[in-house]
Each structure stands twice: as structure tokens, then as C-alpha cells.
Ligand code: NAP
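Next up: a single chain in C-alpha cells, the form predicted alone.
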């Protein structure tokens, strides 16, 4: 017998497609939303998932289309809201990042409440927890980003504003809605479709030597498959409440390069060896960063020379998701980049 129906917004996205696959494998009916015509070729990978022919339906709706979300939500038992713009550099941060993220959250959760949906899981980010790394600090779910703005790390500002609104809407619902927020770090791993996700592009750019040197940057890394499992567990477990950092471990650019070499994944690629770190190296890169586009410049100026650390253990304890080893994630990321043609074959 088919289980309940779950709405997954932005179903073709990097994380969302894995969520859809996991839900189908567990026997759920999935109503996924996409921006284009569901019959378009770019959604063929979703339609080809096991169980999709019988239990996946795709609906076209935009984040800013408030009325369009009402019919999508009718008949659904839960919603997993992943749809949100994901770019560092945009022409107008408020128009292109912050407004769609906030309006989309308002429209999705508002329509869910109208439809009587009592359980919602939203994809937030470590960006809503920390604007920048703080030396010696390990961030937890109790932390909130209070510094990002349309001028400073605008993508971070968008994720923070959207998550704050989600919690405000839950409070206003007065018990009619139970919300869980999943806050991933840098999400890597294999993709269900051919599109190149900006987070996975970090590994591609490293292998292709887009930067000729290893910068003094670090990320809290997590596998996309674990992020998907976290979303589904948050939906299924009645006791799941609040925010969950979803991040396995802190990995610097230099460490990532080392792991790629140790695994034999760097052969034939232009993976840099020269480091630019320490006070002098960071100062030099920050000087060069002034020539970058606004979003990239803001990110580099706030993250260079600092180590990002966050505690993702609550997710394992309460949702039961054990993080994959970062070596496995990197191996599968590179294999997938080669599979979809995002990397030239090693010579």
C-alpha cells in the first residue's frame, strides 16, 4: 500500500533529487515542484527513478507565485522545502537572492498550513548559523548569523532571513505546524542529474587548477546522501524538533587536495601544490580578492585565514544519520564529475 504523499519543492535540485529518490525507495508518493515544464528533458532523471512512474508527479510553480502553491499542497501529508536560489554572485542580491528565498518560504509554508499539513522540513544552511568562522569557536544550533546583509555575504543573508521567517510562521501557527530545519555545510557527493551544483564545483575547480594556489579556506563538508537521509528522518520521526546542523567534519582546501592525491584522484589534473596561507599569504589573497565580483569578494574577505567548525553530532544522536567518511564523499564526487563530463579525463 502506498504511504503518504510528500511535497518536495525544487525537486530537480542537488539535494532535493536525492530526497525524492529516498522517499520513492521508502514507498512514498512524491509531488515534486519544478520551474519548467515537467515533460522537459532536464527532468528525465527524476522520471527515471525507481518508483517514479507510479508515485512521482511533477508540478510547475515558481517561488514567487503565491497562488500557485495552494493547489500543489492540497492532498499532501508533509512538505520538504528545498527550493531556494543558490549563488554567491548575482546582479541584485535583494531581488535575486533574499526576496525569492523569503517569499518562497512564506508561500510554501503558508500554502502548507492552508492545506492542513502539520509537518514541514526546510533546507537551511550553516550560512544561517555563521556569517564567518570565529577562531576557537565551534558553532551549534543555538547560534544565528547576525551579520550578513545584501552587501555582506548576501547568500548567507538570504538563508538566514528565510529560516527566521520559517520559525516565525511556525510560532504564529500555534501548534498547527511542526517545523524542522536541516542546516548543511558544503554539500558534496554524486549528483542524480547532469547539472553542476555550485558546491560540487569547489572540487572541480580545485582539480582543474582554477586557482593556481591553495587558499587558506576551510569548509564543514557533508555528503549529499546524508543530507537527504537527514531530511527524510526529520519528516518521519515525530520527536524531531528544531534545527539540525548537518556537517561531518571541517576540511581545509589544503587537506582536500591532500586527500585527493592520497586517493589517486588527482592524477592528470592541475591540482595546485603551492600554498598561500599565514598572515602574509592571506593578506595577499585578500588584496587580490578586491578585484573579484561582489559576492565572491565578500566571501573571501570574511573566510580567508579562518577555520570553520560546527558540531553536527545532534543530527546523528537524534535523527540516526551516521556521516559518511569525507574520503568516500570525495571519491564519489570526482567519479560523478567525470561521469557527467565536468572534468577532462586524466591523461
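Quick caveat, the model's predicted, so the values are computed rather than measured. Residue numbers count along the first chain shown, from 1.
Quick note: we don't show the form predicted together with the ligand, though the next part is all about it.
Answer yes if any heavy atom of residue 323 is within 4.5 Å of a heavy atom of the ligand in the predicted bound form; otherwise answer no. No, residue 323 sits far enough from the ligand in the predicted bound form that none of its heavy atoms falls within 4.5 Å.
- Might residue 186 be said to contact the ligand in the predicted bound form, defining contact as any heavy atom within 4.5 Å? Contact check for residue 186: yes, within 4.5 Å of the ligand in the predicted bound form.
- Message: Check residue 86 for me: does it contact the ligand in the predicted bound form (non-hydrogen atoms, 4.5 angstroms)?
- Response: Output for residue 86 is yes: heavy atoms within 4.5 Å of the ligand.
Spell out, yes or no, whether the shortest heavy atom distance between residue 62 and the ligand in the predicted bound form is within 4.5 Å. Judged by the heavy-atom cut-off of 4.5 Å, residue 62 is in contact with the ligand in the predicted bound form.
- Name the single residue among 26, 35, 41, 291 that comes within 4.5 Å of the ligand in the predicted bound form, judging by heavy atoms. Going through each option in turn, the one that passes is 35.
May I ask you to choose, among 148, 218, 181, 199, the residue with a heavy atom within 4.5 Å of the ligand in the predicted bound form?
None of the other options qualify; the answer is 199.
**Message:** Can you tell me which of 164 to 172, 251 to 259, 151 to 159, 133 to 141 lies within 4.5 Å of the ligand in the predicted bound form, counting heavy atoms only?
**Reply:** Stretch 151 to 159 is the one.
Sequence order please: the residues of 117 to 138 with a heavy atom within 4.5 Å of the ligand in the predicted bound form. Residues within 4.5 Å: 123, 124, 125.
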